[in-house]
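A single chain, nothing else alongside it, follows as structure tokens in the form predicted on its own.
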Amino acid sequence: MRRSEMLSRMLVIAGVLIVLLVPLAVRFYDGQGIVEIHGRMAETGGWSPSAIKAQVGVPLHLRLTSDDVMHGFAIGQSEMAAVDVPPGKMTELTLTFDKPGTYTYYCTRWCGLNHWRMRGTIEVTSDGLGAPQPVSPPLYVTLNLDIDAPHPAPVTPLERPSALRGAAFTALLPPSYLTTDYYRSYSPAQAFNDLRSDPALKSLNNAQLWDIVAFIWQSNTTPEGLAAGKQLFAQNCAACHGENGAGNGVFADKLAAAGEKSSEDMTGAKGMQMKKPVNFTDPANMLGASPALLLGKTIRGGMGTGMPMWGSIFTDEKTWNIIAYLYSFHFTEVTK
């Protein structure tokens, strides 16, 4: 092929690409620098575009709209209030970031089985960016926990433990049990066994020891933290796990059915298929799980089981509040 002919073909290809890409660029960025984001259910595309760039201190102007059903828009790891994104209407929003990093934006309205997949990223850079700040590994990594391994409680209470009753035994309780490090590192069942073998508590029966466990778990949260955890659970978890945590949310059966279908369609999918959500009211399951283990499951997600990864969405405080709320399905008087 002659050089002139090759050059002509390259020019034609470049022209075609310009024709195709310019309308997309115009769609996402208008003449005033506004980024237009379209939301669709995850099954038909999710957010478009799903990746945006911004600079520290420079306002980012967004124009949001839905192409199908009602969606919501929020930025993870922030206190930004969610905004509704109704179909056929434009919602304008301006964001200014004070720190570089990768921020996740996500849908806050339950719009379908794969609602949690409606996520996108904003890459925020700074011209004067120095050395990156070191990030401490999460507690479940520090403790070397296998968060995918079964963790049934070897012992469970015969009746619902009471934090209020447990408070009556604080004079006998060594202070080491009341530290945040102890609470986060051990499961309630492990705590019960530790208390059972402690000489200072040998006069107490099993029910009283479980009451002390409830008191330890209560002492590491607050009524405000539990209320915040309950609200976050209702907004982000109840559709699958159920309003009362029993694993019977409105999407529970659909998740199980999707898992069965994946096993039929994919060789080797059995171990990674979507599953019916965990029942948080099952004491054998929950009382065998430490807060650190639940932290890992929450921030990392279920690796294909249908459990979303929340690490880029929730702050540390929000994550610990949700975890504290999960134990309230088993311990009474947690807000006293």
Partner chain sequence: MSRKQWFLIIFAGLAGAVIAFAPLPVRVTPPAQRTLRVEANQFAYSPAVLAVNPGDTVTIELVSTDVVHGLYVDGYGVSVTADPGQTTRLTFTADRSGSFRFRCNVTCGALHTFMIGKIQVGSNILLWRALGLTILASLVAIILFPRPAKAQAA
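Residue numbers count along the first chain shown, from 1. Note that the coordinates shown come from a computational prediction; the quantities given were computed from them, not determined experimentally.
There is also a form predicted together with its partner chain; it is not shown, and the following applies to it.
Suppose contact means a heavy atom within 4.5 Å; in the predicted complex, does that hold for all of 183, 216 and 292 with its partner chain?
Spot residues vs its partner chain: no contact at all.
For the chain shown here without its partner, which stretch in 171 to 179, 237 to 245, 143 to 151, 191 to 199 has non-hydrogen atoms within 4.5 angstroms of its partner chain in the predicted complex?
Careful reading of the contacts points to 237 to 245.
So in the predicted complex, is its partner chain close enough to residue 41 to count as touching (4.5 Å, heavy atoms)?
The answer is yes: residue 41 has a heavy atom within 4.5 Å of its partner chain.
Considering non-hydrogen atoms and a 4.5 Å limit, does its partner chain approach residue 282 in the predicted complex?
Looking in the predicted complex, residue contacts with its partner chain do not include residue 282, since no heavy atom lies within 4.5 Å.
Can residue 87 be called a contact residue for its partner chain in the predicted complex at 4.5 Å between heavy atoms?
Answer yes; at least one heavy atom of residue 87 falls within 4.5 Å of its partner chain in the predicted complex.
Under a 4.5 Å heavy atom criterion, is residue 116 part of the interface with its partner chain in the predicted complex?
Looking in the predicted complex, residue contacts with its partner chain do not include residue 116, since no heavy atom lies within 4.5 Å.
Just to confirm, with a 4.5 Å cut-off on non-hydrogen atoms, which of 111, 255, 228, 122 contacts its partner chain in the predicted complex?
Here the answer is residue option 111.
Would you mind picking the one in 56, 309, 70, 60 that has a heavy atom within 4.5 Å of its partner chain in the predicted complex?
Selected option: 70.
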